[in-house]
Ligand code: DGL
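Form predicted on its own, single chain, as C-alpha cells, below.
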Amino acid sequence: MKIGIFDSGLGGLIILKEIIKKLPQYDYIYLGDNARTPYGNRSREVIYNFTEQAVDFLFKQDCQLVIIACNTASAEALPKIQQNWLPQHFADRRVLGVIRPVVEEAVKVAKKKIGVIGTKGTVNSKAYEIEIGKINNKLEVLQQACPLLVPLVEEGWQKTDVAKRILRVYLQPLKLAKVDTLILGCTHYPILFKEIQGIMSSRTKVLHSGEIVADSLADYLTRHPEIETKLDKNENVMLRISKHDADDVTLREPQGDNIKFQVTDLSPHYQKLGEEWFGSGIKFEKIELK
C-alpha cells in the first residue's frame, strides 16, 4: 500500500520532496487539486467537500495513509474527516495533517511570541492558535492572512520585486511585534523561505514545514507498526539511495516507479512549476475529482 499526499495545488510538492528525502523506500501518490486552487477563500463546506473527494480518491488507489499537506484543508476539514467520515468508510486507514507537527516544533523553540502567516481560511479558523494553546497557553500568537502569496507563487513571481514588496507589507506587523518564531502556514510559503527569512529579523526563527512534517511522519510510522508494515517497500529505490546522495536522487529521478503525480488540471505552466519545485522529468497525470 502507498502513502498519499494531498494539496489544493502544487505547493505540497515541497512537503513531498522533504518526505522522500527522509523516507525514500515507500510508494507515494501526490494529488494536487490545482483546478480548484486556492482553497483559502472558499467556505468551510466547500473546503470539506473538496478534501473528502481527494482523500476518498487516494484511498481507492490503495493508499493506507494520507497526509493532507494543505493547511487550509487541515484546519477546516481534517477533524471532521478523522472523527466522522473515516470510521464509516475506511476505518483501517489513517489521515494526518500538517498543523499539529509544526505546532509542536514551534512550541519547542518559541520563547514568547509565535507569528503565523497563512491563507484567510487558515487564519480565520484559528487552528494554529488553538493547537498552540493546548500545549502552552502562555505563548502569545499573532496571525497574519496573506491572500496574495499563493497566486504570486503559482504565477512563478516569487523572485520579483512585487512579491518582495507584498511580503514586507504582510510581515511588517509581525516584525514590529517582535515575534521570535514564525510559522509558514501554507505549503506554498516555503518556496518564499529565503525571502521571508531575509525580511524578518535574525532573532526570528522561521520554521520550514516540509522538514518538520517529514520528521513527524518518520516518527509516526515508527510508533505505529500496524500502519508501517502495510506499506510497500521499493528495494530498487533503496539500492539507488545507498549509492547516491538522497537529495541528488530526489532531484534527478522524481518520476521513479515509486512516485505517482496526479493533478486536476494540467498545462505547460503547471508542468514548469512542478519541475521548478520538485525536479526535472516530473510526469503529471490529469485526473478528475467528483
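The first residue of the shown sequence is 1; numbering continues from there. Being a predicted model, the structure only gives us computed values, none of them experimental.
In what follows, reference is made to the form predicted in complex with the ligand, a form of this protein that is not presented.
Remark: Y39 counts among the residues lining the ligand in the model of the complex, judged by a heavy atom distance of 4.5 Å or less.
The shortest heavy atom separation between C186 and the ligand in the model of the complex is within 4.5 Å. The ligand is not drawn, but in the model of the complex it has a heavy atom within 4.5 Å of V150. In plain terms, the part of the chain that comes close to the ligand in the model of the complex, with a heavy atom within 4.5 Å, is 187 to 195 out of 83 to 91, 159 to 167, 187 to 195, 137 to 145.
Contacts of stretch 1 to 28 with the ligand in the model of the complex, defined by any heavy atom lying within 4.5 Å, are made by D7, S8, listed in sequence order.
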